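Shown below, as structure tokens, is a lone chain in the form predicted on its own; questions about how it binds or moves come after it.
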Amino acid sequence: MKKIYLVHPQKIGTIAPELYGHFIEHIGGVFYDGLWVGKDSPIPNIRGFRKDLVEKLKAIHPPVLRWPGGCFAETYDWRDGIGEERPTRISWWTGRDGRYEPNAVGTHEFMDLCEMVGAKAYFAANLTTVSPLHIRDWMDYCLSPRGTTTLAKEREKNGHPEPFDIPFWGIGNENWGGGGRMRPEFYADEYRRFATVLRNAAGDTEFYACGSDSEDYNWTHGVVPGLKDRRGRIDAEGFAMHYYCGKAGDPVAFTEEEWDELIAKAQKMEAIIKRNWNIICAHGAQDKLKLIVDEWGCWHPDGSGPSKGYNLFEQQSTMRDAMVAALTLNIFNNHCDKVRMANVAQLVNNLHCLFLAGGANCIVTPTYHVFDLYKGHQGAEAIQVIADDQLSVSASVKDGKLLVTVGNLSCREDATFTLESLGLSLAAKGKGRLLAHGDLHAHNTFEEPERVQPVDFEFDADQPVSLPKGGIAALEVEII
């Protein structure tokens, strides 16, 4: 019998809703035939966006959407995506997927989507191929009050008189790689140059500096002190690190050993967060600079999704991918004092996606259901948990209720556990939702869209709870 200890006096901090964010890039099938079908499409849509996807995304309370990249951002010109006459361009990904960017979705359309689903906007700004003034003009266009500047009047002419609400701006993306192959010290200088020019156009905005790739702590050591001005002040609110746990065998036909391998890779997220945070603290930046996990998730070989390789990086999402999502979100919850935001990559028809869509078809993946099970953590107070290594757990308190999310990391053995509450009195009965399947390779397809879906159940708070191998549960019980 395993035990999960809930140590209520040991509060970690508030779980920022933005830990449950999403990333949508102009790549492959993410936008075109994914999110965007066009206003004149026979496929039901809301102002051009796929209606079914919009409604299902809204249901899981997405707190933030990051756009337009990714690597796409580093060659993006925002002016291509406004007005009536929009150019078709090559993009960062044209050489990989053979597609050209029609710019049908630009600033106004993206902000429409945010409004539809109730998400905040996070713009990834180009640092590599444009000047600071170019991005400052984008901010002027988006944020200046109605009727003030020439660009604000242009925005009004294009259909949005009032300024957009864009609280988060990233300055550069993966500048250690596709974003210029910069040295950390050079990037830090460039960041300060951009931030100096952008600040007075940004209003009440959080700026995020490009963080490290996986375990590249040399980047962290080089960038963090370089963000300081001559008076020692840091003009950034976030350090936007990326970590993909990658692959282990076939996306669908994996072995038990490959299950274990991928779970172990996903668990490294915790060590990466801790070490980056320790470096930030060592440079005295912990009161100003929080971690932003801009991109995270599995990265399997191409071709396992329904487009059979047409959509670049599209992959199927099995119960193994759902477990990686559950494990990762638990890590974020347990380190919510360090992590300000996280965005899973990506939303649809790509890596670790929540949706697969094409033509008239639109389905949710097992990963979608994990975000649905976990959505109650948003804005809650995280409390300390102690559990057996077989279990991935996080817990939070909000509105007089305790929410415990648990993943059985074993692909071989079921788990039975009890909730041991220290400092909390719990009601006798609780409500649970379980995401599990007898076949851990199970996934949803256009032909079987509901093969994997959660089921509701009730449990006794003082009695053992059983969790199947590879199963994920959300347990909610009232505090008395």
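One rule holds for the numbers: they count along the sequence shown, beginning at 1. Predicted model only: the values in this text are computed from it and were never measured.
A second form of this protein, the form predicted in complex with a small molecule, is not displayed here; the remarks below concern that form.
Shown alone, this chain has one stretch from 223 to 231, 371 to 379, 67 to 75, 314 to 322 that lies within 4.5 Å of the small molecule in the model of the complex by heavy atoms: 67 to 75.
Proximity to the small molecule in the model of the complex, taken as a non-hydrogen atom within 4.5 angstroms, holds for one residue of Trp277, Phe186, Phe207, Tyr244, which is Tyr244. A heavy atom within 4.5 Å of the small molecule in the model of the complex is found for one listed residue only; from Leu403, Val105, Leu351, Leu329, this is Leu351. Though the partner is left out of this view, Ser212 does not reach within 4.5 Å of the small molecule in the model of the complex, counting heavy atoms only. Contact between Asn333 and the small molecule in the model of the complex is not found at the 4.5 Å heavy atom cutoff. Proximity of Glu295 to the small molecule in the model of the complex falls within the 4.5 Å heavy atom cutoff.
At the 4.5 Å threshold, heavy atoms of Asn126 stay clear of the small molecule in the model of the complex, well away from it.
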